[in-house]
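The chain below stands alone and is given in C-alpha cells; this is the form predicted alone.
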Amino acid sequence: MKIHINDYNSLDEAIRSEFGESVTVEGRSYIGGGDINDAACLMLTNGEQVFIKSNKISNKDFFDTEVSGLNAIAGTNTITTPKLICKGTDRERGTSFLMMELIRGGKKIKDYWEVFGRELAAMHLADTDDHVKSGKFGFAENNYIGAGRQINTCKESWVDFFRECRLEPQFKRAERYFDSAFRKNIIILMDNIDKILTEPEKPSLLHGDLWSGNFITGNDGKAWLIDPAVYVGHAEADIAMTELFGGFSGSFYSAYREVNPTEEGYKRRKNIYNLYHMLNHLNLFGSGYLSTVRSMVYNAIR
C-alpha cells in the first residue's frame, strides 16, 4: 500500500503543517556518514526530533524516488523502513529535503541477523505486480544507484533487463576507460550473458543497493532498510551485493536460505551482478575501480 506524504514549498511550512502552527526548529545537529546528501537531526520547539536529508533543489528527484522505493518496501509488510513524514523544496535555503522519523538505534534484538535474513527473504517472495508497468522486471520509474542514474525500463526477461538496463548503460558511461582489446571482451560478455544468468522462478522486489551502509538498527532493535535503489529483479542480485564489501553475518545467509534457497550456479552469477556495482563505482569515483572491473569481466568470459 502506497503511503502518501505531503510535498511542501518550504521547510518552515512543512514543520508548521506537520507539527503545529506554533512549532519551529529550535536546533540542528548534523549527522555524518552520507556522501550524497546532507543529513541532520532537527530539534523542534515541541520537544520532538526528526531526521532530515537535504540536497540542491535540482536534485529533488533523489528524494522523490527514495520515497517511491521506501514505499515499495514498506508495502510488502515484511521488513521495516523509517516512517516518512514529508518532503519538499525550500527556495530561500536553496534546498530540497526529505523528512522522516529519527532512528535512535539501540541494542540489537536477540537473533538479529537471523531475523534480518528471514525478513529480507520474505520481501523477496512478496508479490511484485504493482511495481512494474508492463512485463515482469524493472520498476514504475527510473531512480538512482548512489548518485548514478538507474534505468528501470520494464522487460519480460530478467536476462534482457540486466543486460540492457544494468550493464549496457554503465559500460557506455565508462567507455573512456577502455582500450580496444577490453572492448572486445565486453562484447563477448554481453553476447554470452544468457549463458551465465538465469531467469528466476519468480520476480522479486529488490532493495537494489544492499550493503552494510544501507541498513541500520532501528528503534525496535531490528534491521531496517534505508537508501534503496529498488526494482523488480532476481533475488540473488540483492544477496550478491551483500557479499561485495565483506559480507554479512553467516547466520544471516543461513536464515535467508531457509526461507528462499539460492539456486545452483549462484557463485558464477554473483560476479556478474556485482560487476554492475563496480562499474557504477568506476563511473562515480574514477579509475581506482578499473582493475576490479577488468578482472570481473575476464573471470566471466574465461
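Everything quoted here is computed from the prediction, not taken from an experiment. Note that residue numbering begins at 1 and tracks the sequence as displayed.
This protein has a second form, the form predicted in complex with a small molecule, left out of what is shown; the following refers to that one.
In the predicted bound form, the small molecule lies within 4.5 Å of some heavy atom of Asn37. Although the partner is absent here, Ile31 is a contact residue: one of its heavy atoms lies within 4.5 angstroms of the small molecule in the predicted bound form. For the chain shown alone, Glu119 is not a contact residue for the small molecule in the predicted bound form, no non-hydrogen atom being within 4.5 angstroms. The small molecule in the predicted bound form is approached by Pro82, whose closest heavy atom lies within 4.5 angstroms of it. Only one listed stretch (194-202, 178-186, 94-102, 107-115) carries heavy atoms within 4.5 Å of the small molecule in the predicted bound form, and that stretch is 94-102.
When you look in the predicted bound form, the only residue of His277, Lys53, Arg269, Lys60 with a non-hydrogen atom within 4.5 Å of the small molecule is Lys53. The partner is absent here; in the predicted bound form, the one residue of Asn214, Thr153, Ser157, Thr78 having a heavy atom within 4.5 Å of the small molecule is Asn214.
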